[in-house]
Ligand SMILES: Nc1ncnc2c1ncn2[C@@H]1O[C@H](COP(=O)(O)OP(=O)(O)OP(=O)(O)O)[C@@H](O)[C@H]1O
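Take a look at this single chain in structure tokens; it is the form predicted alone.
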């Protein structure tokens, strides 16, 4: 099937990443469909950022495959990366450029044609992220939240079909965080695939159709909220309850099960 017809936009196939004696990611597999917001959750050090970096081509897997729109990110990097936007938890945004100059730089890097359409898109994004009246300042003077927003704008200016986002609401005020959530829902409704890694479980529960939970390099559960509840044996549990139950050690798991038990 041609990549353009493939309903799967992102696929991790038994991804493994070994650092010396440490296996940071151990056989991770999942798929993200077009128009889906897929949550990828894990504690610090669980392997989620390494997985995202393998999916976007920044880190080579020890074994396994990472596919974007059917293209192997390491075997067919130009085809895969032309469809992809990746936002790191600490996005690199050039400190010695203004916000507008940075967007121009990214647009040139991806060979977007210069002209009225490109300028309209840039103005729209600067207004959307409330940066239009600050775009003359160097990015070195931006707050963390402003850097996060210009990083997001730099992805969206070229309208990729796949977004890999590592903590996209990190450092944002509540108004900006709500804007990002609404924006992701609108992009998904237009067919963009979004793989979202976040520590804010309320965001994941509200936005994500399906969720994968990674613990110590392994996927311990994948599915909708109802499917995760069934796997955990907790019919009415919140995502926070499920996350703690599925990723805790044996002693913690026993305590959590007592706390979640009916009439406890």
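Quantities reported herein were computed from a predicted structural model and do not represent experimental measurements. Numbering follows the first chain given and starts at 1.
The form predicted together with the named molecule is left out here; the points below concern that form.
- Of the candidate stretches 219 to 227, 233 to 241, 41 to 49, 66 to 74, only 41 to 49 has residues with heavy atoms within 4.5 Å of the named molecule in the predicted complex.
- Not displayed here, the named molecule is kept clear of residue 34 by more than 4.5 Å at the level of heavy atoms in the predicted complex.
- Using a 4.5 Å cutoff between non-hydrogen atoms, residue 88 does not count as a contact of the named molecule in the predicted complex.
- Although the partner is absent here, residue 199 lies within 4.5 Å of the named molecule in the predicted complex, judged by heavy atoms.
- In the predicted complex, the named molecule sits within 4.5 Å of a heavy atom of residue 24.
- Residues in 214 to 238 all lack a heavy atom within 4.5 Å of the named molecule in the predicted complex.
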